[in-house]
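Presented below, as structure tokens, is a lone chain in the form predicted alone.
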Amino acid sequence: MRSDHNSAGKNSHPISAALPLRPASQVMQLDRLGSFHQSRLSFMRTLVRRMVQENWQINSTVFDLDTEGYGTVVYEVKAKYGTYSYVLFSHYLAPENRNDRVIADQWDLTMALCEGTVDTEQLAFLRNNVPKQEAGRVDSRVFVLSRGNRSGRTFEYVVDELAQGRQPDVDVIAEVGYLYRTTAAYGSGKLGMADWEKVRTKHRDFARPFAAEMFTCFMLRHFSLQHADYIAAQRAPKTAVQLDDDIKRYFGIGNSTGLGMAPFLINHPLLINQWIEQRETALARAKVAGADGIDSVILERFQIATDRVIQHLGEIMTGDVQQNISNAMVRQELQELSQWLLDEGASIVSSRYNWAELAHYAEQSWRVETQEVINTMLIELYPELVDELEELMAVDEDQHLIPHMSLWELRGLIEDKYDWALAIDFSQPDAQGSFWYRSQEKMEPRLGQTHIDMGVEKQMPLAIGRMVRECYNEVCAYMVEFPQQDVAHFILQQPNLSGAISRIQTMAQSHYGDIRENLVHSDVLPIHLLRCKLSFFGVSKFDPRSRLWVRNTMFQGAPLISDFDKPFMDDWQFPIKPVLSKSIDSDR
């Protein structure tokens, strides 16, 4: 981390030079993708910024709950371009029927995000169908259908504390971080809902990827806080207090994500490429912005952010041994960084040390997880260069076949862009030791062991590396006899390879393309796929439960609806425990 380098001779304008994007060979490795964190471009962050900047007005027009907190709530949402309704039904759920799996058929809460204002007739229709979730049907006035369950560890504890006139212990809250957790958020035309094309073209407030789904979860968080206050007041109207606002901000929404999310990254390669390219562009802009040196104000902000991450990682509660080890090692490396910033701050500024040098040092000296934390912090430093990229997170996902491409060109394309796939020896037993399938019983994707589990003949087509290798072998064999022919002639003989070729031709034009990993290896870690997608959603506090699923928290640290008309600092990344005032703390 030397601070004695002079950056003279570099372009004086921070983003005028060609951006030095990291190569796909570095970025698209599974362990690196699984080390990404929430950034300014994550969908929760961009949604919150939009709501605050445009001062969305959100009020309950129906709050019809009984003394136990069961009933109906309707929120009217007045956004910049339209009015929407968030409809929620609170139900009694017997302990024996509590199940957070996709196959559950009863929940504490069920919700729908709808266009326009909901009238009495539509509310009755929703009340009959929304609680059924997949077993019901809705119409195109609905954008998102969702459900949630109470946290068994925190909800009753918090309500009891409030009812007795006390604020809950922040240390207890930190162990979980939420009052409710969501188990699904369906959109994009499922179950009769509005498809993405309608939402994107007719409702600008939600015209970004997953904006409506993220808003649905944000509103669940809002209701969960109101719900705790409401039930406490019903139980003890004379003694109950409301949750302190700092504690409310520290609460998020819980989520558990399993293999059901993993195929998305493989089946939507153009979209994932777009997300990663914008993130990498943001990182490159940050590095270029500091190419001529780092001023003292920016350096101080980076120091504060580093110490915040150290605290954040230290507060994460997980039973996963490897995650605890990883968090501890990242903290240790960040503490080394923090100490260097303290000791060499003046020298860093005077010597014109730059972020590219720090990134290089991190790549040479520290873990991938630490490198990506640093990259995330760098992105945070330059909102004026980053935030405009949020408008570029969507893309048309058509894959087009180029039939007139010569087989020589196709073969060269594979050798150039898919060298990583050709380097895999699929003849080794472990190289095809796993397979992906959809469980009929659990209604979710699963990962089987090729030589143990049945059903390999029904596997999902997610082994992109193997697909490319098989296609390459067939092309090479065909070219021995017909070297001058094109893709069209080849596909007439091998029509089953048309999908593989169109994907190869399309993704070869992208900067990052496919994940460079053998996804059917015996030791594949799907949790990296989950964490990658979740980082773009904007979650925090990853808590792996196995290599196949992970708990996390959504919107923890985000502003409240009551904060929308106040000065806003978009700095709720890496949430940490709030420090309450002495008067509040003494009430415990």
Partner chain sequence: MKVSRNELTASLKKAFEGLGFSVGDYQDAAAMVIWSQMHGFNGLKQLQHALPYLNNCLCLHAELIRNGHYQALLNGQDSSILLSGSQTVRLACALARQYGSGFVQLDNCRNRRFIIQRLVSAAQSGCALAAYWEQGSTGFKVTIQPYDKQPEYAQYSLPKETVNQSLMIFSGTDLAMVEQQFSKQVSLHSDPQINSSEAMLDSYNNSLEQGIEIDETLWHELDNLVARVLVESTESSRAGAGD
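Everything numeric here is computed off the predicted structure, so don't read it as measured data. Numbering follows the first chain given and starts at 1.
Quick note: we don't show the form predicted in complex with its partner chain, though the next part is all about it.
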- Give a yes or no on whether every one of Met193, His400 and Leu492 sits within 4.5 angstroms of its partner chain in the predicted bound form by heavy atom. yes
- Answer with yes or no whether Ala236 is in contact with its partner chain in the predicted bound form, where contact means some heavy atom within 4.5 Å. no
- Message: Please tell me whether any heavy atom belonging to Cys476 falls inside 4.5 Å of a heavy atom of its partner chain, as the geometry stands in the predicted bound form.
- Response: no
- Message: Check Glu390 for me: does it contact its partner chain in the predicted bound form (non-hydrogen atoms, 4.5 angstroms)?
- Response: no
- Answer yes if any heavy atom of Tyr437 is within 4.5 Å of a heavy atom of its partner chain in the predicted bound form; otherwise answer no. yes
- Item | Stretch in contact, per heavy atom within 4.5 angstroms of its partner chain in the predicted bound form, of 30 to 38, 64 to 72, 545 to 553, 47 to 55 | 545 to 553
- Task: Answer with one of Arg204, Arg301, Lys458, His360: the residue that has a non-hydrogen atom within 4.5 Å of its partner chain in the predicted bound form.
- Result: Lys458
- Message: Between Gly314, Gly499, Gly165, Gly152, only one gets a heavy atom within 4.5 angstroms of its partner chain in the predicted bound form; which residue is that?
- Response: Gly499
- Item | Residues in 356 to 392 close to its partner chain in the predicted bound form, defined by a heavy atom within 4.5 Å, in order | none
